[in-house]
Each structure stands twice: as C-alpha cells, then as structure tokens.
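Heads up, the chain below is alone and in the form predicted alone; it's given as structure tokens.
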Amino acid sequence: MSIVTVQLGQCGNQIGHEVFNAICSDVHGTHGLCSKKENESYHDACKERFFCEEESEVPIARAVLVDMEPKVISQTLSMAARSGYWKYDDRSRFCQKQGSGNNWANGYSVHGPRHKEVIMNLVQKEAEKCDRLGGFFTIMSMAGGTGSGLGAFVTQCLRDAFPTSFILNHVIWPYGTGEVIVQNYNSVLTLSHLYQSSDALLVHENDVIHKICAQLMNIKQISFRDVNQVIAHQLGSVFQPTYTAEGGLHYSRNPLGIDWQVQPPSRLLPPLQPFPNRPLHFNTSIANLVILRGKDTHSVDLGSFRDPSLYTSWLNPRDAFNAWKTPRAFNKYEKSASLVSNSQFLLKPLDNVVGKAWNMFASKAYIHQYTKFGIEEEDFLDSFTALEQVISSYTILC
C-alpha cells in the first residue's frame, strides 16, 4: 500500500523534505545487514509506499506540497532534484505569494475555502497514481497560520473526500518559550479541529527534539534543519517497512499502522481498581508500539512492555501492545528500536497550551485578529471545551 504525504506550510515542507531524504538514505545504504533477498523485498515495499516511477528512473515522492508563500517550496523542489536519488513532481505543488500572517483564522477561513478545489485536485491525482492507497500522512506545525489553519481545513476536506482512508496528522508542537505571540490560540484551534477529522495525531515537541540535539548529539549551534533531521529520522524509523504479527512473512501492507482506537469496557462490567503502588506522576498508556530493526530482533525480550501496570486497568496488555520487527537495519545502525505511545505523556504540555490560551482569551487579547476572518468567540469556546474533554479523559486513566 502507498502513502500520500501532504506537506503544509513552511515547517511541513521542510520536514517533509527531510523525511524523504532519510528514507532514500536508508534505501540506498548498501549495508542492510541482511540477505540480498531480504534487502530487495524491503526496497520494493519502501518504493511502493513512498515513491512512484514514471518517465524517469528517478523515484518521485508521493507528495503534495502546499504553502501560501513560494520560497520554501521552490527551495524544497530544488534540493530534492539536486540529490539525484529522488525528486518531487513539479506539478504536485500549490503556492501563493501572500502568507497567512501566523493567523489560524486566515489559513482556515480564507485560504482554505479559496483554494480548496485546486489543492484537493492535486491530492486526488496523487491518490489515483496509487495501486493501493493506504492513507494520508499530513505534516504541519501548530504555531503558524498556513500549516495550522490551512492544515486543519485540508484535513477536513480529506476526511470528506476519502471517508474510509486512514488520515495521520503529524504535528510539530511549538517551543514553550514561544515562536509566535498567538501560537497558543493557533494550537488550541488546530488540535480541536484535527481531533474531529483525523484518525491519529503523531506529535513531536520542539523542546524535546532541541534537547536531543544539545544533550545527545552535542550540537553547539542548533539550527531548524538539525531539529528537522532528528524528527525525520524518527519518522523514517517508524514508517519504513516491517513485519507485523498479522503480516507473517510479508512486509506490512498497512504502512500507517494499527488500529489505535481503544474501546472502554462496558458499564455492565464490575468496576476495576487502579494499581495501588503506581507513582503519582506515572505515565499510563492505552497503546504502545515498538519497532525493532536490524540484528538480533527476534531475541529481544519485550516482556516489560506487557506489564499490566503500564496500562489502564480496564485494558488487557495483549490488546494494548504491538511489536513490529525486521532483520533489515535502518540507516547506519546495526540495531535500533523505536517506540510510538498513546499515553498520558502529552497531558502536561496540552494543559499548558490550553491554560495559556485561556488566559489570553479571558482578557480578549488578539481576539479581533481572528474575528475579522470569521472565527467568533463561540468557536474558541467550542475548541476549549473539546480539548478540556481530551485532558479529562486522559487524566482519569487508571
């Protein structure tokens, strides 16, 4: 199955470029640390997933590039073509000459409806190139105007146009110290809208990635590209082909993963008791996925991930934990492990963002910048209500 990537805004396009770079670097690595047959099978699965080959022999990314300013998209197209390993389809881009001014309402209420037909036509054409469409992978920031506002609008359009397709939104959580004065408004509006139309949100926090660059990689002058490359490397380690329990000896046909929807127990069941010895700030999970690549993957002991105390008490760990494996190494690593977790980890940053946005909203700060584009105070209140419900639902996991 194939993934159509939709890169939205400056951040989305820059990270998207690094993701395809990381994937190509992995594919063209002659190592593999596995048999030739295994390596070829891995290559074929990866190419079907992320690239198509038309007239030229250079793989073309299955991607649509969208921004309201032309500079970043032009740079992205040029850098990809210069690599010689892959490129974008020059016809699968859409840009304008005026940005969204870091205003979610401008991206969502103005640029979205105005350019909906053109953008969705590009997406439709890309989807039609897939023999088997696995779903959509959108990459966007929450802080600005285009990635967040237009990104939320495009996600709703994807849900309407492809009601049965899996939609995974990758969102970049802004620095806590602030990049944009209204970033908390933009974040609240983005998250609440994506929550209604997306199948899953995959989050990277800029502060966490920055710490990785500084402390683990010892980078002195950390650039946005350094941060983006770490994010892209992590995404590649998750999305490259693996064997799953359901797939047997074939690489997974569903590149966007497992069903993350968790059903709480029936009210008819007796009440379940929380774990008595669990620490106050314990990070309770409702789903964990571990991806193992390279040498000795089948001898790894994953028993600790099946510990019932890691999960909410009404969930069987056998239903909450999955492991994907492949003997084929990722990039330059002899062996590697990645973890994707649906847990309470984001509770604190989410609560902080909602709290800061509410304080601004209570004092009516900058509200006029949104109302002039059609987003009313009631829309803010609806967004606050939706996210407070999310916070409540994750807080009471026991």
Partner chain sequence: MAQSVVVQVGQCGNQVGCRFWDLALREHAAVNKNGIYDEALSSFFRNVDTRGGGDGPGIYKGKICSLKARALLIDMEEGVVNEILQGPLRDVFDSKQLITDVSGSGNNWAVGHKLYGYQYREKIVEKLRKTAEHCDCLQCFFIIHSMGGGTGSGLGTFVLNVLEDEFPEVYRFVTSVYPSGEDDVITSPYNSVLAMKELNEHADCVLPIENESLFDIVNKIHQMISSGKLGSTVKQNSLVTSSAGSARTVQEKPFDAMNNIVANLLLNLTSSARFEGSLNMDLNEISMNLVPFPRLHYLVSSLTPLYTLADVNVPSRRLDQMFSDAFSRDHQLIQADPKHSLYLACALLVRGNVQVSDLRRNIERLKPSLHFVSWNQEGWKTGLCSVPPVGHSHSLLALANNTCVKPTFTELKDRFMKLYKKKAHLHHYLHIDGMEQSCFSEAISSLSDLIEEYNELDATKGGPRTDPSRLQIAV
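Values in this document were obtained by computation on a predicted structure and should not be read as measured data. Numbering follows the first chain given and starts at 1.
Below, we refer to the form predicted together with its partner chain, which is not included among the displayed structures.
In the predicted bound form, Thr242 stays away from its partner chain, with no heavy atom inside 4.5 Å. For Tyr370, a non-hydrogen atom is located within 4.5 Å of its partner chain in the predicted bound form, even though that partner is not displayed. Contact annotation: Lys71 falls within 4.5 Å of its partner chain in the predicted bound form, judged by heavy atom distances.
In the predicted bound form, at least one heavy atom of Val354 sits within 4.5 Å of a heavy atom of its partner chain. A single residue from the set Thr297, Asn102, Ser237, Gln229 has any heavy atom within 4.5 angstroms of its partner chain in the predicted bound form; that residue is Asn102. By the 4.5 Å heavy atom rule, the three marked residues Phe162, Ser304 and Lys332 all fail to count as contacting its partner chain in the predicted bound form. Figure note: of the listed segments 338-346, 359-367, 57-65, 35-43, the one touching its partner chain in the predicted bound form, with heavy atoms no more than 4.5 Å away, is 359-367. Residues of 202-221 lying near its partner chain in the predicted bound form, listed in sequence order, are His210, Lys220, Gln221, the criterion being any heavy atom within 4.5 Å.
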